[in-house]
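The chain below stands alone and is given in structure tokens; this is the form predicted alone.
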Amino acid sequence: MTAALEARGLGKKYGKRWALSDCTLDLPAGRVIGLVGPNGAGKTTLLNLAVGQLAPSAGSIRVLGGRPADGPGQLARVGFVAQDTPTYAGLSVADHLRLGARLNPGWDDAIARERLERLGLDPARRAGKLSGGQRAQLALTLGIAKRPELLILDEPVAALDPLARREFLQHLMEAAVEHSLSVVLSSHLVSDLERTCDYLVVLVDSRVRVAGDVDDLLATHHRLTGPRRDPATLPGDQQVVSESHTDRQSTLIVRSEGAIHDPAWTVGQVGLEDLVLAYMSDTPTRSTLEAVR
């Protein structure tokens, strides 16, 4: 199966500043992929490169086996909901559907109208009169009705209240299953990704810190608590992701494919939020960067 996205040494530079640097990724198709990181980490830059709104300064990127925005055929395969869930305030909901039909050769009007009816959106109402949640749902409807193979969403729920956010994500998951979509969802809210995503990418300071299947990542990360110890003394197969120490105690988040047998440690499970924060909070070591290659 063709990968949803492949990047090799990908970078984007603005003046002297790298917004994205040395990004190497293989994102599988047929998955709901969460892209998480702090503000300014490079998430939006990566997604804009993926949809062809930006050109790389270094490296290469392929989406569904082709170059981003390389002609009408490639454009039709990828849907995009930008960070501000763009709609046109002066146009009605029905106007948006007519515009979508004109711009997208694979447009499925039946899907669009069925979603609007299910959501209770009045086709005659102007987008400027809709709530934030309703505008987000309209933008999602336009993305789905395009009938893409890959749907990319850049923090589409960041400005929504918790109820509207939950409803949006629920509808996204239903659409992904119903229409066999590959999805890349960017967010800095780990709780959103925990409910929706089965593959995770953590991006920090413009670099990929970790990427993989969520279940595999949770199974191979552990919290170790025990008497204070220098992490350098751990076995070579235990990669230290983050560490904290008191005078008497050490707490480590480690990545290890095997079981932890040292009786000095109390071994605990790591939740998705703990895992993400561990990779976000500390400066990556050389071994950490090599581990995501």
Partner chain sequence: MIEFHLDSGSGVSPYMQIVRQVKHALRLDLLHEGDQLPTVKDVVAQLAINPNTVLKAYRELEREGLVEPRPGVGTFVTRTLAGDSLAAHGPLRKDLERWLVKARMAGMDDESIEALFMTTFRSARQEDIA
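Positions refer to the first chain, counted from 1. Just so it is clear, the model here is predicted, and its values are computed rather than measured.
Form predicted together with the partner chain: not shown, discussed below.
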### Message
Considering non-hydrogen atoms and a 4.5 Å limit, does the partner chain approach G30 in the model of the complex?
### Response
yes
### Query
Counting only non-hydrogen atoms and a 4.5 angstroms cut-off, does Q170 reach the partner chain in the model of the complex?
yes
### 4.5 Å heavy atom contact, T196 to the partner chain in the model of the complex
yes
### Query
So in the model of the complex, does A110 come within 4.5 Å of the partner chain, heavy atom to heavy atom?
no
### Task
Identify whether the partner chain in the model of the complex is within 4.5 Å of every residue in the set E174, V177 and D215, based on non-hydrogen atoms.
yes
#### Entry: Contacting member of R147, R166, R125, H188, with respect to the partner chain in the model of the complex [4.5 Å, heavy atom]
R166
### Task
Specify the contacting stretch among 70-78, 136-144, 91-99, 197-205, defined as having any heavy atom within 4.5 Å of the partner chain in the model of the complex.
197-205
